[in-house]
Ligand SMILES: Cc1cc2nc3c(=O)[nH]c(=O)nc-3n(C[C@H](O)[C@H](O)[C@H](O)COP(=O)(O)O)c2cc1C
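Here's a solo chain for you in structure tokens, the form predicted alone.
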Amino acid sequence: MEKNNYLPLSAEQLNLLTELSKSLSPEQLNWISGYFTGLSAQGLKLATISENSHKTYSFDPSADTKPIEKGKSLTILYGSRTGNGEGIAKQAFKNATDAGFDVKLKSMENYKNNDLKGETNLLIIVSTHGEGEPPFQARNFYDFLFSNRAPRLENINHSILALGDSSYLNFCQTGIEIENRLLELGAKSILQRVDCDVNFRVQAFQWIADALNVVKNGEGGVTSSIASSVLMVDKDESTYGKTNPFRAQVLEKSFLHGRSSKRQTLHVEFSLENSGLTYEPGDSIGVFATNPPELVDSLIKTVNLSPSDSVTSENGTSTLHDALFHNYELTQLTPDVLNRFVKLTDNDKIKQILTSRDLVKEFVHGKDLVDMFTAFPEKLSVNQFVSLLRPIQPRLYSISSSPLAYPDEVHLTVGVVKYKNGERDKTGLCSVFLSERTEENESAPVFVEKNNNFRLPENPETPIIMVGAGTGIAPYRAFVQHREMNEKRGNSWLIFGNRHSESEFLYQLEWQRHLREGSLTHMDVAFSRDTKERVYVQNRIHKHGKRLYDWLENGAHFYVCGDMKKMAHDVHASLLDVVGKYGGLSNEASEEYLLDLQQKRRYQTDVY
């Protein structure tokens, strides 16, 4: 049997598995997952493929290589915003515990930095947020590591799993920076760092197996990391999740902007009945969308291929048209696609663009795959063309409903993305999929993405301050609904901003009702285009600074949701000013005040 170079299964095996899975119910899929997990636990080796060899790799604690020393210590340290890193760390902890290690699992957020100099074997899982920044959960450890207080670390053997998204220029930047700093401080890398993209499961679980084997066998120096794919089953995954989304029926759709608005925001309500999915205010829903049919047709025509050409991938065998419609990102051009394009075509103009981050950002901005192939036409085979593309990714939306107020339902607040680039009209992938191509009573594939870092206080009587602009208002609708169901609730204050009050005051009637009934205590608004001098949410923070500081001093939790690049930064700066002015603090002391709020989870952000 001939095997695909990128898969641990032959084409025949893949087709058999695909056809079987189509006929199975979620319950049957869950049973089979358990069955294969059991086989794995009994010592079944997991197939892996590297570029140069076909080998079998798994962590087998009973293998007669070198026994684990009794009590051999291992620390697993993680810093993750969405919980992916935490999930990997917990799996590594379980595997290490089963193998007999004396293992500690620590979040960077709560890690005592002075303990670092006492570590011997250290596995680190860390994600990168936004444009190359460490997630907040890793910030304290990151800052300590790069400070003058960081000790020499010659006694540490380490390996790093970096999580990121290759559509960003600073892919896995935090993991790269932490590794470089550890090496500067004398730590020894025992396994080459693994940089994981958005589809991280295969590499992550292989890294766990490789890292534990290296620590177990006491091998020194850097070991070559095998670029492997491994067929693994996550036995802790619920029936429905990212790898098996639930097809949720659309109950209702409505547009929130007035007719005079040039923009649009969609309110959409899904049924979760019989899904078993649960969520809390602060969580997100991931939605898998299909590509615009007209974009699929335009791209196939531009690359001069046939829509009926056959394509085989991890999703099975289909026509090129169906593969592009369902499986690949087409609406946006990303740096990783440019990198693969230049490796395949040796295009000198793309090479020049890739020499500068600014040139890359300028070139990809607002562009899609049609734009790239129009600017740089190349004759490619269908397999070469598909090899350039990145798998389609779900879009995450903050949940705008409370499960207490709407049992078996989930509501989303979606900004509809439409724009013009050159002579072509463009749209976002998922927002237009929901607003124009999915009707009421139809369904869409969804899953719940937990966000334990954006939560209401455990005590419902604790006051809360909520700051958001545009669709950043979404989680606060859920927060206020949730508190409305509790008779003993603390004060709540919403600071909301958008462009125009007449057409873009999202959920206006609901907020007015909450104010009348007392489930919302205060509301301040900032509509930037309604006045000659533009006013934003940060201006409202300054205006009501004394009240805001008093709320913080009385234990209030502070939340920010919305744009990361501009709004969240400006809100933070305004908050620093308010704390300094009304608390009589220096700039340094104000920073420490806000850091203390963050560490106590009283200052939380959900920014994008």
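Numbers for residues come from their place in the sequence shown, where the first is 1. Only a predicted model underlies this, so the values are computations on that prediction, with no experimental measurement involved.
Omitted from view is the form predicted in complex with the ligand, to which the following refers.
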_Which of 440 to 448, 162 to 170, 349 to 357, 368 to 376 lines the interface with the ligand in the predicted complex (heavy atom within 4.5 Å)_ = 162 to 170
_Residue-level contact is defined here as any heavy atom of the residue lying within 4.5 Å of the ligand in the predicted complex; does Gly83 satisfy this criterion?_
yes
*Close approach of Glu517 to the ligand in the predicted complex, 4.5 Å, heavy atom*: no
*Interface membership of His129, the ligand in the predicted complex, 4.5 Å heavy atom rule*: yes
_in the predicted complex, residues of 589 to 608 near the ligand [heavy atom within 4.5 Å]_ = Val607, Tyr608
